[in-house]
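Just the one chain here, the form predicted alone, laid out as structure tokens.
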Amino acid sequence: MRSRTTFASSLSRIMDDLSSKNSIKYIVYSSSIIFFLSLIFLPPIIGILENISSIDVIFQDPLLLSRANAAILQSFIMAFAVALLDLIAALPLAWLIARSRTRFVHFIDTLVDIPFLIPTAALGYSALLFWSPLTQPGFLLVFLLQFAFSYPVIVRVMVGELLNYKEVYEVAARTLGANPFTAVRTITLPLLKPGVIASFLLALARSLSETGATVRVAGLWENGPVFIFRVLDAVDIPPYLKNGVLVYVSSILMLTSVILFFLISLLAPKLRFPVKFVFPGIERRLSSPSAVKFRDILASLIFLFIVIFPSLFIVLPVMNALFDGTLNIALTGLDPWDKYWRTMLNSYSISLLATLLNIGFGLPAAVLIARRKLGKATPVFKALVSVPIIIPSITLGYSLRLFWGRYGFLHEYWILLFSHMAITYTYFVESMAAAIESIPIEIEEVASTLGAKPLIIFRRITLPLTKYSAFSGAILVFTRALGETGAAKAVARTQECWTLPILLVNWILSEATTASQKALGAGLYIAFSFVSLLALRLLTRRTK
């Protein structure tokens, strides 16, 4: 035991010494950038650019061109509406999770990840069943659906920000007579501005890129991803025109989104909180215990009735599966459940590998962004990091299949892994960069002045202050990878490499699959993920 401790201490000391060498820093940061460019950013871009010559065919069909342009516009209208209202609605729940001292909050905290755990097409089907008595497929139903699956992004990032934030200044302001609401508005929110911006951008990108769930509830309404999906499935459009449409819509969405994200990343930090006007009477009433209690109850009700219940509605028939023999068949692994357990193994292995790789190579990228180590190029790099989640997932998967498919030696499993890495990379980098940025750089500079090595500073100062954000970012990556449908469907050609979301989508659409099988399949998937995440979160809270 002593020899192991001695070896660990020696290894730690060697790594600490190496971290102070400029050559090692260069290798670490360069490796992170190379990983991003070679596996995350360039493959889907090249896959699209290689087919850019086919873009002119869409201009020969004015009706299709007009429909494409209208769909692109609808993408941004929907994304801005969803991201803005998600931010307003999710902040109170994030505050409740971060500041509450009750044990029940751990359960609520884990429930937040539910929409991420459900395959997107299954989530769309569940929302359609839940809301069908009240509204028809179309704009409103798409908005309710996208509100539900973007909501966890805001909560997860902001909970991490709030847990990392120290309440010293807020407490000081309240000691000097400021109302709690005024202290939060004038002190807390300005200090958390990087997290607010990051969560807004992630929710915006999540809405812009989602395909599988939106298609299920869109009706006649179309945004960019829905339009692409329908064109690819259309039998009356020739293949050369389909390819041109795919390239045109994807290129416009990608280029416009990159410019938009770059401008938001550049200009949003310059926006000043708070608003100059002060309303003492109103803010005093908003700070009262009854107002706070009303806020918490309203936030919880919105969360339960607009996010959780519609997401879980698909698993209500699970009770039937417990009594009609479906569960027994599932546990024995007989057909079709043998395919179910194999695809679940594929999903968990791909999601775990994608999470570990994105953490390892994404952490240096987050430091590069948060500490502006690339100088004036930092906003450009930050905008590029957002590109993979802006591209519609089905388009990203299709372009990656074109790019990596040329290498015959590369097994389909690895192309699936690359697609899941590309889709989820941004979630960890953005949330971690926002957390690091919220830490005053003076703390790290003081430690460095006192002789601490870079790795020691990171291990003893930066990481403890951002531990929950690191965990939240990993959860965002893992759950997003588990639920991905569009890209996986575009990449996987053989059933041997199917992930569980692909199988569940086929079950949901198939008339040969019973309602009990559909519900039990989705229910087991959610239950396994929910229990593991709850255990991890409780363990993380205890070790804080």
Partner chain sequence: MPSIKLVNVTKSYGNVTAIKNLSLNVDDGEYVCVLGPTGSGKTTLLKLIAGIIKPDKGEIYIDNKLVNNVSPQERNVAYVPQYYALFPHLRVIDNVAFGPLSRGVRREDAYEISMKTLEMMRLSWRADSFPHELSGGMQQRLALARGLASGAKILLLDEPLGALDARLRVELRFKLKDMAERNKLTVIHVTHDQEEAMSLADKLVILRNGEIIQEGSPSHIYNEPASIFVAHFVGGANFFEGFVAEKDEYGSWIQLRNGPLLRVNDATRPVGEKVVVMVREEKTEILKMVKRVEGINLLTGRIEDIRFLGNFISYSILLDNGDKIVSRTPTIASIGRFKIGERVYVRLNAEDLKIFSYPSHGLYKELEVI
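What you see is a predicted model, and the numbers here were worked out from it, not measured in a lab. Residue numbers count along the first chain shown, from 1.
Separately, the form predicted together with its partner chain exists; it is not shown, and the next lines address it.
J.: Report yes if all three of 445, 448 and 460 come within 4.5 Å of its partner chain in the predicted bound form by some heavy atom, otherwise no.
T.: All three within 4.5 Å in the predicted bound form.
J.: Just to be sure I understand the contacts: of 137, 336, 379, 454, which is the one whose heavy atoms reach within 4.5 angstroms of its partner chain in the predicted bound form?
T.: The option sitting close enough to the partner is 454.
J.: Taking its partner chain in the predicted bound form as the reference, which of 238, 360, 269, 464 has a non-hydrogen atom within 4.5 Å?
T.: Result of the distance check: 464.
J.: Choose from 464 to 472, 289 to 297, 414 to 422, 239 to 247 the stretch whose residues reach within 4.5 Å of its partner chain in the predicted bound form, heavy atoms counted.
T.: Stretch with heavy atoms near the partner: 464 to 472.
J.: I'd like to know if residue 532 sits close to its partner chain in the predicted bound form, meaning any non-hydrogen atom pair within 4.5 angstroms.
T.: Contact check for residue 532: no, nothing within 4.5 Å of its partner chain in the predicted bound form.
J.: Does anything in 381 to 419 come within 4.5 Å of its partner chain in the predicted bound form by heavy atoms, and if so which residues, in order?
T.: Contacting residues: none.
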